[in-house]
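Presented as structure tokens, the chain that follows is alone, the form predicted on its own.
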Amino acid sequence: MISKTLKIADGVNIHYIRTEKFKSNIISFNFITQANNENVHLNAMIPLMLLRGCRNYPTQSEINKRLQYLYSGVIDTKNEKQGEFQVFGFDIDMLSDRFSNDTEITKESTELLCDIIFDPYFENGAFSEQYLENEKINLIDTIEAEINNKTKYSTSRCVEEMSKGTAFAVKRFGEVENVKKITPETLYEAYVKALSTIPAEIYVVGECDFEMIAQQFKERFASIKRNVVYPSFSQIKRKAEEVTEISEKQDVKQGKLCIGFRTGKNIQDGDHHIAQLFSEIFGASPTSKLFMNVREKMSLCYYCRSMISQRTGIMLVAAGIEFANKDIAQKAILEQLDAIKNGDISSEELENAKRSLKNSYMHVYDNPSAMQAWTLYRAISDNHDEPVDEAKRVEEATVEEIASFAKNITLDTVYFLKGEDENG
């Protein structure tokens, strides 16, 4: 999908995905660093604070007015975990210049984004204490909302237990206690560190003056002394050595069962499409074995689905169940996995999975943000396959390949969140 790539600073690349398919253009600015508990909360806070104001537009209200002038452009902050990496920055969505006769929308929108990133609003040489206190409340609310969402909490706890001591286990927003300790000075130090040491990948999607955009970012980075520290790939654990059983009690009315597996594979192994096909058949779709059998036929759970992280080689099965059904639900889930290992995949199941995956791959071309996200994810994983290539591989995949993939999967961790009063 990438039409052109330019290196504009040490550790900074800008990529052009040229397409006339959309009425808008997007620019996605991404810092990519190793996730760790010392900095993850600071990095998560940086985009939030930068969007509060810059020197030319000192308040969020003024930034929003400027965006409205630029034909209702939209800037969103981002903070994601990609396996062991933290990706944080901004996405800006703007109307294409083709639909404006009086405003250089792309040029002025790029200037605004650069102002926000490179020329923040400071008070006494650091971030505004008032702005920071407000954003600390917002970030803590976000962290606590994830804790209060027991489905997310249980999957997060399962991954945490499976990845102890590694970057995989780091939470994407960090810990509440660490957020509370952030000061204007410590955040300023983290911001300077990001600009001077963290690699950045910038994506431009649409039909626009790519060279002009690249030049604007190049000029901003020119005044920054860069000493880049590249994140390193962690060695994934490919096989479970023993099964860990963890049970916790909280004030919940529905049990949350999360079963963690090692797939033995990651995206760099080159069979990403087989992993996704397996997941579709096993538990990632409404026609999957987990949905049709464990949920519908056996009525053992309120929901039951699987998800694979190709970056970490981890697969999770998450289910909402009655407390008393834990053992029987777990047994039923493992039986469905064994069925796939034995090649028990009907032609209908295979075709449904292929159709679903091919559609999702080809829909990437229908959304500029999806195109950017696809390209960034694969760049981080050192895998540059395009959606059309993946769709072709999916069409050619066989039951034998899926069964062979499944045979490498080993059970690692069983996490169960149950009520404090299981008979209440």
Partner chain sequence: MAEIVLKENKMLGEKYYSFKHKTGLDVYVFPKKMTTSYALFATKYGAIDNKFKLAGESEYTEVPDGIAHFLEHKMFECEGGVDAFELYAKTGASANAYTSNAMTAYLFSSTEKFYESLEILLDFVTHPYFTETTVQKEQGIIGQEIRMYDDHPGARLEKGLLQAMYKYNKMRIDVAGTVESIAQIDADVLYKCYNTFYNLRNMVLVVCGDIEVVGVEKICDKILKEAPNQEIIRAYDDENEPTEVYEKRAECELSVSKPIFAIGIKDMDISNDPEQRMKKAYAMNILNDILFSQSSEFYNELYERNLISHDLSYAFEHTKRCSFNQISSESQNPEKVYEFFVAYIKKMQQRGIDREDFELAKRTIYASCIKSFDSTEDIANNMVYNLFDGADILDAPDIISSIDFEYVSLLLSSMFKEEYYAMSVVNPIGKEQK
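For the two forms, the rigid core is made up of the largest set of C-alpha atoms that agree within 1.5 Å on superposition. Just so we're clear, the structure is a prediction, and the values are computed from it rather than from any experiment. Positions refer to the first chain, counted from 1.
One more form of this protein exists, namely the form predicted together with the partner chain; it is left out here, but the text below deals with it.
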Does any heavy atom of P286 come within 4.5 Å of a heavy atom of the partner chain in the model of the complex? yes
Any of the heavy atoms of F173 lying within 4.5 Å of the partner chain in the model of the complex? no
Verify the contact flag for Y230: yes if a non-hydrogen atom of it lies within 4.5 Å of a non-hydrogen atom of the partner chain in the model of the complex, no if not. no
Quick one: does S356 come within 4.5 Å of the partner chain in the model of the complex, counting heavy atoms only? yes
Just one stretch in 79-87, 347-355, 113-121, 308-316 has heavy atoms within 4.5 Å of the partner chain in the model of the complex, so which one is it? 347-355
Has each of L42, D209 and E211 got a heavy atom lying within 4.5 angstroms of the partner chain in the model of the complex? no
Here the chain is shown alone; which of V243, I137, I246, L334 has a heavy atom within 4.5 Å of the partner chain in the model of the complex? I137
Which one of I328, A145, V192, I224 is close to the partner chain in the model of the complex, taking close to mean a heavy atom within 4.5 Å? A145
Would you give me the residues of 17-36 that have any heavy atom within 4.5 Å of the partner chain in the model of the complex, in order from first to last? K21, F22, K23, S24
Is V394 one of the residues whose Cα moves 2 Å or more between the shown form and the other one, with the core superposed? yes
For V252, state whether the C-alpha moves by 2 Å or more between the shown form and the other one after rigid core superposition. yes
So with the core overlaid, does the Cα of S356 end up 2 Å or more away between the shown form and the other one? yes
